[in-house]
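Just the one chain here, laid out as structure tokens, in the form predicted on its own.
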Amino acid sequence: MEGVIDANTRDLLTRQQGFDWTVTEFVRVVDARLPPRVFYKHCPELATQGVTTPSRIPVHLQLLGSDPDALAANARQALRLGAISLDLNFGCPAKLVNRHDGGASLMRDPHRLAAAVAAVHQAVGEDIPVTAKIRLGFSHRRLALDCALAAEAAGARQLVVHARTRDEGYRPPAHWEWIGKIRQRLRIPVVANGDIFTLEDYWKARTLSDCTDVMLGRGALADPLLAPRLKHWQRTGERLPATTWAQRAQVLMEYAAMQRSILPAKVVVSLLKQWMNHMRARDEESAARFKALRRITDLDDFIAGLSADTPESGLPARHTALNARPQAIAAD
């Protein structure tokens, strides 16, 4: 989720009850201890009491790397800065990350994965928990259980498992039943991840994996109200109506209002398109809006297109677009 789930996104997605905790984008660790500014950039919540979003949802700091000594040094740095939990990323499938010996590349050798977890666990001791995220392997699943057991033995207190190998990327289907095989052998909590976009997906993932908890990534962007919907169903057994375009647009406009104060307008447009790209695969209205707006580069015109009555109606005049900004802020 690099480049997508920043502090502003975490703020927006946790305003309604749904998430129990969140994870930052990964802090890339290579061969040196990083300065505090890098940690604050990825996790500005470190400056808040309790390291939480404004809605008081805990934020866990994520590290990505393979060198045990460098990971240990940065774990100690994070601890000094106030981190409440450290999550190690062994699941990133990106080719660039894997070519540089990070993310899912460590799934090819359980001993190396264990060394990374052990180094971080020893660096922070029992002061804060160390957790990890893995996939079902790199090019095959034969080492999935070995890697999971290695992470547990090295000190991980929780394991998130994405239900695919690295080579499978995000291609369906998600193999939730394989997470169940891991869940049966581990004593620490196992969290299911991958292709959870609906209530039906959630129930099927839990059933096949035998996991109590799930992690949302792309699903939370595709439907910003998915986590509250799942939480409501857990509490009441009631199925809430599908998220409307107006609700999605409101989240996007609030996001734009937050980001435009710290980023260039063209960058904000790019981020909005990136978010809408996740929405469009699961929602027809979002797909139509994305098609209508994908060539627009002006932020005010883009926001006006989000709030237009229909994507076919064309963009409102510029003076109407400017009105969208204070409306988004006022709705916060």
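This is a predicted model, so every value here is computed, not measured. Numbers follow the displayed sequence, beginning with 1.
Form predicted in complex with a small molecule: not shown, discussed below.
Enquirer: Check E25, N193 and L216: does every one of them have a heavy atom within 4.5 Å of the small molecule in the predicted bound form?
Expert: Affirmative, all three are within 4.5 Å.
Enquirer: Looking at 182-190, 208-216, 119-127, 71-79, which stretch has residues with any non-hydrogen atom within 4.5 Å of the small molecule in the predicted bound form?
Expert: That would be 208-216.
Enquirer: With the partner left out of view, is Q158 within 4.5 angstroms of the small molecule in the predicted bound form by any non-hydrogen atom?
Expert: Because no heavy atom of Q158 falls inside 4.5 Å of the small molecule in the predicted bound form, the answer is no.
Enquirer: Since only the chain is shown here, I'm wondering whether Q62 would be in contact with the small molecule in the predicted bound form (any heavy atom pair within 4.5 Å).
Expert: So Q62 counts as contacting the small molecule.
Enquirer: Taking the small molecule as it sits in the predicted bound form, is R166 near enough to touch it, meaning that at least one heavy atom pair lies within 4.5 angstroms?
Expert: Residue-level check for R166: no, no contact with the small molecule.
Enquirer: Contact with the small molecule in the predicted bound form for T243, defined as at least one heavy atom pair within 4.5 Å: yes or no?
Expert: Close contact is absent here: in the predicted bound form, T243 is far from the small molecule, nothing within 4.5 Å, heavy atoms only.
Enquirer: Which residue among Q250, S105, S85, N89 has a heavy atom within 4.5 angstroms of the small molecule in the predicted bound form?
Expert: Contact with the small molecule in the predicted bound form is made by N89 alone.
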